[in-house]
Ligand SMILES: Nc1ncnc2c1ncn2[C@@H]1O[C@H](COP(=O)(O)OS(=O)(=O)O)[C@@H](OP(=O)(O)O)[C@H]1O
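Next up: just one chain, as C-alpha cells, the form predicted alone.
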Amino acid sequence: MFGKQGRQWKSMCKGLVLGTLLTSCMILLYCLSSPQVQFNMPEVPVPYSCAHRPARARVLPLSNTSQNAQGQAGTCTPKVDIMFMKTHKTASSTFINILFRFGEKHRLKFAFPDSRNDFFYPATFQRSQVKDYRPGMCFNIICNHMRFNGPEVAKLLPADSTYITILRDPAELFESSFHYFGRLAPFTWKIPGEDKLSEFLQDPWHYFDPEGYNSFYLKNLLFFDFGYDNTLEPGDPRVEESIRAIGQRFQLVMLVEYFEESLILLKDTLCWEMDDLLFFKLNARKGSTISKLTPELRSRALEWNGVDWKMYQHFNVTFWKKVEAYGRERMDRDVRELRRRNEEMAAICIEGGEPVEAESIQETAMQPWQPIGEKSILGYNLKKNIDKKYRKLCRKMLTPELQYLTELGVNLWITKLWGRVRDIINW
C-alpha cells in the first residue's frame, strides 16, 4: 500500500515540478519572443548585386522553357540571391539543408537571426532582427522561419533576388502541426479524451481561442506565416487579394507532395546543377505518431483551414502549369535521376540506409529537435569509414537544422535554453 501511495505522490510531485517549469519557461520565452522595439533606421539602398558570388560562375544549358528562337538551348548563370519563405511543417528543414550547403559551397552571405533559430516568430519580420545588421548591408540568402514582411525583406536582398516558398496539403499540415505544436497552445489542454485532434475537429470553435497564446499554429498556419490574418473566412475578398500578392512576389511556390518535382523546377528557375539538389528527408515523424485522417476528418480539417486550402488549390494549379512548360517526360526523367543519386548517397552515407528513432541515434550532433512530451522525430546514424571524398558531404546532408546553424556561426542561446527545458519535460 505504501509503495503504491509513494508512486502516486512521486508522480504528482513530478507533474507539479514539470508544470511549474513549463509555465515559467513559456512566460520567459514569450517575453523574449515579443516584438522588439523598432527604431527609425536610415534608409541606405541595398546594392543591386552583393559582392559574394560563386567562386567559378557555372554556365549551364537552359531548360526547354528558355530555348531561343532557333530552338537551340542558350546558357545561364546560377542565381545566388534567394529569399526562401520557410513555412511550418512543410519539409522546409529538408530544403533549408540544401540552401545551407549551396551557400557554404559558394561562400554566400546569409541573413541569420540572432540568439535563436527564427526571426522572433510570430512577430512580423523586421530587418533589425538580423544578426549584425547595419543599414545598407547586402545579403545573398535569407531562409529562417519568419512572419513574412515583404518591404522589410526587400531592404536586405538585391532587387533581382528570387523568392521561393513551399506549401503543403492543409489537412496533412494541420495534423502535423496539431501533433507538434498542440501542447504549446494552452487552449488544447482542456480538450478531453485520448484523440484530441478528432475531438477538436468535431467542434473547433468550442475550443479555439483566436487570442490565445500560440493559437495561430492551429488555424490557417500557412496564411499566417505569410503575414496575413489567419481568422479570415475563405470568401473574404482580402484572401483573394493576398493570394494574388503572394503569386506576384514569389517566382516559385513548391509543393511538399511533389517535393522532387519541385526541386527540378527550382533547378530550372535558379540555373543550378543536379548535384545541388541532393537531399535526405529531415525531421520525419515515426509512423506510429501520425494520425490517419478519415475522409470525414480530412474534410473537417480542410473546412477549418479553408483559407489555406484556397491558397493551396491556387498554387497547385500554377505548379502544374510550370511542370507542363518544363515538359512532362523531361520532368519524369529528371526526377528518376534525382532519386537515383539520392539512393546512391544514402547507401554511401547512412548506417542501415534508413532513418532511426531518437533513442537509436548514436551521435549527439545528429539528434534532431523533438516536440514536447515525446521523441517522435527520426534521425540518422552516419556510416563509419566513409570514403574521404564523401565524408564531408555526408555529414552536412545528415546534420539537423539547429546544429547546422550553430556550425554557420549562429548563437542559439534562447533556443538552447528552451531545449534544456524540453529535455527536462521529456524525462
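A residue's number is simply how far along the shown sequence it sits, counting from 1. This one's a predicted model, so the numbers in the text were calculated from it and none came from an experiment.
The same protein also has a form predicted in complex with this ligand, omitted here; what follows describes it.
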Fill in the blank from the handout: None of 350, 164, 256, 111 but one has a heavy atom within 4.5 Å of this ligand in the predicted complex; the exception is 256
Exercise for the section: Identify, from the list 279, 216, 315, 207, the residue with a heavy atom within 4.5 Å of this ligand in the predicted complex. Expected result: 279
Problem - Touches this ligand in the predicted complex: residue 285 (any heavy atom, 4.5 Å) - result: yes
Handout entry: in the predicted complex, residue 91 touching this ligand (heavy atom, 4.5 Å)
Key = yes
Practice task
May I ask you to check whether residue 116 falls inside a 4.5 Å heavy atom distance of this ligand in the predicted complex?
Solution key: no
Exercise for the section: Report whether the minimum heavy atom distance between residue 86 and this ligand in the predicted complex is within 4.5 Å. Expected result: yes
Practice task
Would you confirm whether the three residues 102, 106 and 144 all fall within 4.5 Å of this ligand in the predicted complex, going by non-hydrogen atoms?
Solution key: no
Handout entry: this ligand in the predicted complex: contacting segment from 306-314, 326-334, 208-216, 172-180, heavy atom within 4.5 Å
Key = 172-180
